[in-house]
Structures are given as structure tokens and as C-alpha cells.
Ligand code: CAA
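First, one chain by itself in C-alpha cells, the form predicted on its own.
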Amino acid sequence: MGYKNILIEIKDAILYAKLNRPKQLNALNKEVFSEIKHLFTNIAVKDEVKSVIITGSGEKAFAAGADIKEFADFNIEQGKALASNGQKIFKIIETFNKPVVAAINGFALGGGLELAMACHIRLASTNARFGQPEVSLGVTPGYAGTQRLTQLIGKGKSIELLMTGAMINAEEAQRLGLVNYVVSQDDLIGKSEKLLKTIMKQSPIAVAGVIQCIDAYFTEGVDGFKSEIEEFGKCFGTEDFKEGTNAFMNKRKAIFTGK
């Protein structure tokens, strides 16, 4: 599949995915969703890829929402199908077994913020702006924005932002826990790489287990504590566990193989 809307590169085991619709401020349309799904089900799963960075092209936007003209004439059932498809694709990112970082280089609004929140870690440039302005269009967020924003920053502030449609800056986003770090735009990718390279030194099996356990905490009907017991136990049957404990006892750095 050739991508029209995403630029991709694999370097030092990191898959770089850059949303590339700068004239539309990298707005998400059905082609972008299709390409994101393909990226995470066909490219990111390759053994040569150990982690993913998602960012936007240009210096203005990560992704400034959904492409409104695509759904302006939708009926109720079409609207439900649109939201369902978006949620399924973003869930693939949220539950992906390799670390995914959103390097937010500008506006992250509506669907763009929902994409960023589906990633495991978020970093922002100082010029980044965040918001869920859907109410100004007469709709609610559809790609799990109400759910993930509340999980990340709490009910009180999320309901304010969702009902007012207000934007916040990068510093406020960091204070609320929406993003992990705020850096200059020039340092955004470098900081993301540094963070991922630290994670990639750890056991891939253990990192994947952490992702699964945390997701279990937020999944209805799943006992996160039991999930943690299962993942913890599985680790004892891996080569990574043997390598990690042996390295610790012999005071050397572990070299994990993901087996």
C-alpha cells in the first residue's frame, strides 16, 4: 500500500510516521484513517520496528481535527459508523505492544487530540495547542475523546474543556497531565527519540506487558490486577527474565532479545 497522506521512515528501530496534509493542517480524513490502520497492522508490526513516533508535517499542526466536509451531510447511522471506525483504529494504537509516542508539533484539536491521546506517551512543542471543539459544530467527540481525556486529566477539567470547546496551551496541558514533556519544536523529535531509546533498552516483553496491564485497568469487565498477575508470571518463562536477573546479579547491563 502506498501512502498518500503519511510519510514514513524506519531508522534505528524507530518508525517515524508524519501526517502529511499541511494545507489542511493535517486534518484526518477517511484516507488517513485507512493509512493509519494499515501502518499499525502491516508496517509497525515488523521485527525491525521497536517503537513508533507519530507527528505532523509543517510547524503549525499535529492534526487539527477531522475533515469536516467529509461528514457534513451524514445521517445518524453514518455518524455512528464513522465514530465506531475511528475508535477501532485508535484502539489498535492504544493497545499496540510497542511504545508509541505522539510528538505534538502544533494544533492537536478534535480528532487530532484523540489520536494523540491514543498514543502511549505525548510530548509537545511549546507552540502546541490542545482542544476538543466539537460542541461548536453541534456534535460530541466521537473517537473516544470524552473517555481518554477524562482518564488522563480527570472528570472536572475534562468536562469543562469538552463543554466549552476551549483550547489550552502546552504548559497547561503538561500541568494537567495531558502531555509528559514540553520542549522547543527543534528539540521535539530528539526528545522523543531519547525517551524511546531508553524504553527500547528494556525487555520488549515486559514493556508489552505493561501496556497490556494498563489497558486492562481501563477495560470494562477486565480485572487489571489479575492481568498483572498473568503478565508477571509469563515473564518468568522468558529468556529476557533470565538475562535481566543474570545481568543484575553480575552487575552488568542486560541485553534483551525479546524472547
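These figures come from a predicted structure and were not determined experimentally. We number the residues from 1 along the sequence you see.
The protein also exists as the form predicted together with acetoacetyl-coenzyme A; that form is not presented, and the subsequent description refers to it.
Residue contact with acetoacetyl-coenzyme A in the predicted bound form: residue 11 places no heavy atom within 4.5 Å of it. Although the partner is absent here, residue 181 is not a contact residue: none of its heavy atoms lies within 4.5 angstroms of acetoacetyl-coenzyme A in the predicted bound form. acetoacetyl-coenzyme A is not shown here, and in the predicted bound form it never comes within 4.5 Å of any heavy atom of residue 201. Residue contact check for residue 66: one or more of its heavy atoms lie within 4.5 Å of acetoacetyl-coenzyme A in the predicted bound form. Here is the short version: of 205, 53, 43, 27, the single residue with a heavy atom within 4.5 Å of acetoacetyl-coenzyme A in the predicted bound form is 27. Residue in contact with acetoacetyl-coenzyme A in the predicted bound form (any heavy atom within 4.5 Å), chosen from 176, 137, 168, 159: 137.
Of the candidate stretches 184-192, 106-114, 92-100, 150-158, only 106-114 has residues with heavy atoms within 4.5 Å of acetoacetyl-coenzyme A in the predicted bound form. Shown here without acetoacetyl-coenzyme A, the chain has 133, 134, 137, 141, 142, 143 in 133-149 lying with a heavy atom within 4.5 Å of that partner in the predicted bound form.
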